Ligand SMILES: C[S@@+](CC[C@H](N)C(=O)[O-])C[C@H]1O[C@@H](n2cnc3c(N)ncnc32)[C@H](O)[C@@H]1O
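The form predicted alone is given below as one chain in structure tokens.
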Amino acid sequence: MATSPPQNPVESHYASRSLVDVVLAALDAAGLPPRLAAADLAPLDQFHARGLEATRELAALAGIDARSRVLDVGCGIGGPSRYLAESLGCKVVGIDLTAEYCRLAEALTARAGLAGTVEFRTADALDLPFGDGEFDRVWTQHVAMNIADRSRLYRELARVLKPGGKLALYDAVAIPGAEPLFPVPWARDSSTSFLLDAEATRAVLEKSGFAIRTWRDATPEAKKWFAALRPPALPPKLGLHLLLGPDFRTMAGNFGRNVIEGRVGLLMAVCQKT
């Protein structure tokens, strides 16, 4: 009897169960309208520190407009992709290693009325299913920490960019000499967490064909954001716990501690293909 291939451990972390019915039922229980907007889904689909606020900031730094064709690498369930299409009028293609996230992204995008503007594909960031120079912008938020071969990742992102195109990234980075606490939202232990510090990240980007245009330590804002969070006594109707299950509260708490205690930093950058 044929057996299914083993699931990638990163994919297993993010989606060990069917999510589409769970999330659509939660939307109905929350009383959301049939036509969704980006702000409606922000508690659920902005899977990174500082949520929709950070997405807005990165979009402004990247100079995305209605003429841009954007590739969202590690798109998750499509929140940033939908925000960019809805607010800026651009065309977006999202890719993610986790097939269940792509299925859910398609369902949410249809409900937001953006199916003609945003599309999703299950794909590996290290082997993108696109030709050279297809995109004006490549976008990635809190994705690289799951990828060990950072050189190959950034070379592949540069390959699909047009000459002069830009990579916009927002990532967690290592703090030299510090050890993060686990589990965190991107990994249950160190076996699937591959943080680089900011300077090592910069060096790999430059060797991969990028010139740095904006380089910002986003840790201070993240510290304030985490310090201000007050987790409710009961899980909200909409939230990232729907994706990662009951352990998400511990994961999120550890992420906040890591940032506040100086174990993990945040980096926001825009790099141009040379």
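Note that residue numbering begins at 1 and tracks the sequence as displayed. No experiment lies behind these values; they were computed from the predicted model shown.
One more form of this protein exists, namely the form predicted together with this ligand; it is left out here, but the text below deals with it.
Contact annotation: H142 falls within 4.5 Å of this ligand in the model of the complex, judged by heavy atom distances.
Although the partner is absent here, D124 is a contact residue: one of its heavy atoms lies within 4.5 angstroms of this ligand in the model of the complex. Residue contact check for F210: none of its heavy atoms lie within 4.5 Å of this ligand in the model of the complex. In the model of the complex, this ligand lies farther than 4.5 Å from every heavy atom of G165. Among the residues L114, I175, I95, A107, the one placing a heavy atom within 4.5 Å of this ligand in the model of the complex is I95. Residue Y101 is the only one of Y101, F120, F135, Y83 with a heavy atom lying within 4.5 Å of this ligand in the model of the complex.
Residues within 4.5 angstroms of this ligand in the model of the complex, judged by any non-hydrogen atom, belong to 72 to 80 and to none of the other stretches in 155 to 163, 72 to 80, 199 to 207, 86 to 94. Residues of 37 to 62 that come within 4.5 Å of this ligand in the model of the complex, judged by any heavy atom, are D45, Q46, F47, H48 in sequence order.
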